[in-house]
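Taking the form predicted on its own, here's one chain by itself in structure tokens.
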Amino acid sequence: MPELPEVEHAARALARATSGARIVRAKVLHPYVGRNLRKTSLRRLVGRAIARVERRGKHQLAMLDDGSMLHVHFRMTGDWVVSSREQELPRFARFVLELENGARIVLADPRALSTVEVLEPGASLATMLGPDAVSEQFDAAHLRTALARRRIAIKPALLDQSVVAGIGNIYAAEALWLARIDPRVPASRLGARDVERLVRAIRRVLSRGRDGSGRYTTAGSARLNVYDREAKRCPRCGTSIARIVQAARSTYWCPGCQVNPALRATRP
């Protein structure tokens, strides 16, 4: 699953591949991926050059030279594959951009859940995004305000992109472990010190993920402390890592050192 560092890495790859070249062809190879892309918008891409590429949370925005934007969201399994036009298309090719310099950029997605759309000049994303998780705007004051009225558990609250943009399931679990916060505690019940620890932890796991190529959750998986480590020993206290389901997503945590004081009395 692409997390923020992977999406940033992909956005940089897209920027490098498209620098100084115009689009000569754009094609949707799977209808669901192009469900938000009109045929007129697809034709509009031809002849346009990508001036720059930005990342907002897990969203990629390719700014075109006419002021419009190509908006791409990888969702679960999307990624860019950059090659020449002469090469065979990847097995799960869903969307293709061909450039005048002979390069071909392919959105490959086994599950075909990614989305591609063109936004008119001046248009904004329909998705309401909070401050980016690696921006200066994301701090303890913002997070505490955003969580103040949320009674849901803190783990699914962190996945709400209107609270903070760019945190996915893996990083939420890892950050809560670093901050020693029980993923089940209601978001609104976190104290000021808890929130400060959590913000520091989020920054720490994301900075790890941005090392080198940005591949933290794949090549760097050995550095994961709790995610996908059910029944293995916690590297901090030795307790067996547990797994629960929250908002239809797996949550991995340590019952030994991620303890909500309000739940201590009810622990078996």
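Residue numbers here begin at 1 and follow the sequence given. Remember, it's a predicted structure, so these values are computed and weren't measured experimentally.
Just so you know, the form predicted together with the DNA exists too; it's not on screen, but the next bit is about it.
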Notebook entry, point to check: Taking heavy atoms only, is R91 within 4.5 angstroms of the DNA in the predicted complex?
Noted result: yes
Notebook entry, point to check: Is G168 one of the residues lying within 4.5 Å of the DNA in the predicted complex, judged by heavy atom distances?
Noted result: yes
Checklist line | Residue contact check: R104 to the DNA in the predicted complex, 4.5 Å heavy atom | finding: no
Margin query: Please determine whether S250 contacts the DNA in the predicted complex, using a 4.5 Å cut-off between heavy atoms.
Written below: yes
Next item on the list: Spell it out for me: taking the DNA in the predicted complex, does every residue among S124, A146 and R204 have a heavy atom no farther than 4.5 Å from it?
Entry: no
Note to self: Just to be sure I understand the contacts: of H30, R229, R44, R55, which is the one whose heavy atoms reach within 4.5 angstroms of the DNA in the predicted complex?
What the structure shows: H30
Checklist line | Candidate stretches 174 to 182, 138 to 146, 74 to 82, 188 to 196, one within 4.5 Å of the DNA in the predicted complex by heavy atom | finding: 74 to 82
Checklist line | Partner contacts for 106 to 125, taking the DNA in the predicted complex and a 4.5 Å heavy atom cut-off | finding: P110, R111, A112, L113
